[in-house]
Every structure is written in C-alpha cells, then in structure tokens.
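Below you will find one chain, with nothing else, as structure tokens; this is the form predicted on its own, and questions on how it binds or moves follow later.
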C-alpha cells in the first residue's frame, strides 16, 4: 500500500531553522520527524512512501539510505513548479502509478493516530476520501469540520466566530483516498486539496471524517516544534527518551532542566538551559542562560536568550540579552 507524504513546503514559519534543512528533517528528540512518520505508516501496512517535494530530494538521503527505511521503499516526486497541496498529491500519485486506496499525510504533523484504524474506517464508510479529525480547545484559528451521524462531512468553516458552529474538530492532516479522487485534480495545475478538492467531495457527499483523541500537534511554528520536543521528554506521549545525546559535551556544573541536548552540542561551565531544544552542533558558552528557546547556532558567554530561535549560522554576542526574537531576523 502506498502513502503520499507532503514535504514540499519551504518551512518559512520555522526560519531560520529551515534555511539549510527541510522542515520534516528537523529532529524531535534526536530523530527526524519524517523518520517517525514513515515508521508509523509502516506499522499500518504501508510498503511504499512517496515524498511529494517542491525541491531536490538530496537532503533526505541521510535519513533514507538507498531509498529505503526498514521494509518501506522511499520514492521522490519533485514538482516541476509549485502545485499546492492537491496538485502535489495528484502529481506524486500519478508519478508513482498509484491505482488503489492510498494514504496521504502532512509531513509536519506529529500524531499517535493509528493509521490502520483510519484505513479500516475509510473502507467501512465506503467514501471516496476520509480525513482524520482532531478536537482542539479553541477552533477559531483553524478550519473547523462538521460531520453528520454517519461520518459524512457536511461543511468546512474557516476560522469560525463564536456561534458559527458547535464543532471543535479540525483537519488533522492525515487522509485516505481512493484513486478516483484524483479525477477531480487536473494534471500540472495548482490546486488546494483543502479549499478545492475537499469542497467538491463535500458537495457530492463523498467525503467522510473520523475523529480521534490521539496526541496531535502541527509543528509548523517554532513554539509548536519546541512543544513537540518537550512533550516527548516529559512523557506526555510515549515512553520518555534520553534527552541528552551521548555525543554531547555538557560541563559538570552546567544546569540542564527539561531540555533536549542533541548530538555534538557543547554546553560550557556555568551555563543554564531550561525548557529548550539545542539542535545538533549548537554551542552554549560559559555562564550563558537559555530558556524556552531553540538553538542551532552559538550563544556567547554570559548571554541570555529567552523564547528565541537561533539559527545555525548565528552567534549571539557575549553578554547580550534577547527575548522573543529570531536570530538572524528574517522579517
């Protein structure tokens, strides 16, 4: 069984972290997000994963040597031009010759959804496409989905105001498609699956929704990416992994509180790290203070960074103070 994974975005909301690495290759506690997703798909019986790309596939080579991961074959579908989400799905599916039921997943969503359950529900409901739905406390920042008793989607409501809907279910970014859904997407034309394809299927009564309460987070923004890392080491989802990579060098008198310390990181004497993620190769000099931040570059001696994102090519000046910034600033 095939899955198409959407990894073609430029990750602009996560800059500067994505200046030199695709968003799905960013690690969540030492493992690239895309690897976790492929393994979860494999458990559901997926044998072939097609990465729908808007750029060259080489950055993924380190994760998928010989275009394989375990028993899963990895394929690359590089769009000749941006085709939006629907166009990317159709391009990848046609290139791979998909002619049976297949899964679609957003590469920047982390969830414990049982994909095999979603597939089984799709077959039980007998629709053209089925989308995973997840409840949120405040749906006003999302596109909300209303479903009927039989699971058929009635309508999408973008960023609803109070009173617009009783639903708190949003699109969870994992779908099951019949190949006939591709008939709604013209070749080589930019089309949004959310705004166009799904809306057509709703009007035709051919779109179902399945809601679960599994762990779910969209890592598209820095605060969400940070949260996904911290949730794992705090035991919010799954068994707690080792938060500090064995290749990291952490001074004996440094203070590290609920933080991820990645491969090759150096933490100097007297430094303090709390509720943060230090990405591979980061360097925290003596007496620096890092709180609630993501650091890929260097924090100079005695500097303070709080609620910041520090790119791999940036060095925070010794003794300086930064709060709520992206360094370097990309506007």
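Residue numbers count along the first chain shown, from 1. Quantities reported herein were computed from a predicted structural model and do not represent experimental measurements. Whichever C-alpha set is largest while still superposing within 1.5 Å between the two forms counts as the rigid core.
Only in words, not in the display: the form predicted in complex with a small molecule, which the text now covers.
Under a 4.5 angstroms non-hydrogen atom cutoff, the small molecule in the predicted bound form has residue 53 among its neighbouring residues.
In the predicted bound form, residue 327 stays away from the small molecule, with no heavy atom inside 4.5 Å. Taking non-hydrogen atoms only, residue 23 approaches the small molecule to within 4.5 angstroms in the predicted bound form. Taking the partner from the other structure, the small molecule in the predicted bound form has no heavy atom within 4.5 Å of any heavy atom of residue 166. Every residue of the trio 84, 142 and 159 has some heavy atom no more than 4.5 Å from the small molecule in the predicted bound form.
Taking 218, 121, 146, 245 one by one, only a single residue has any non-hydrogen atom within 4.5 Å of the small molecule in the predicted bound form, and it is 218. For the candidate set 214, 258, 188, 194, a heavy atom within 4.5 Å of the small molecule in the predicted bound form is found for exactly one residue, namely 194. In short, of 107-115, 246-254, 121-129, 177-185 it is 107-115 that has heavy atoms within 4.5 Å of the small molecule in the predicted bound form. Comparing the forms between this form and the one not shown, the C-alpha position of residue 143 differs by 2 angstroms or more, with the core used for superposition.
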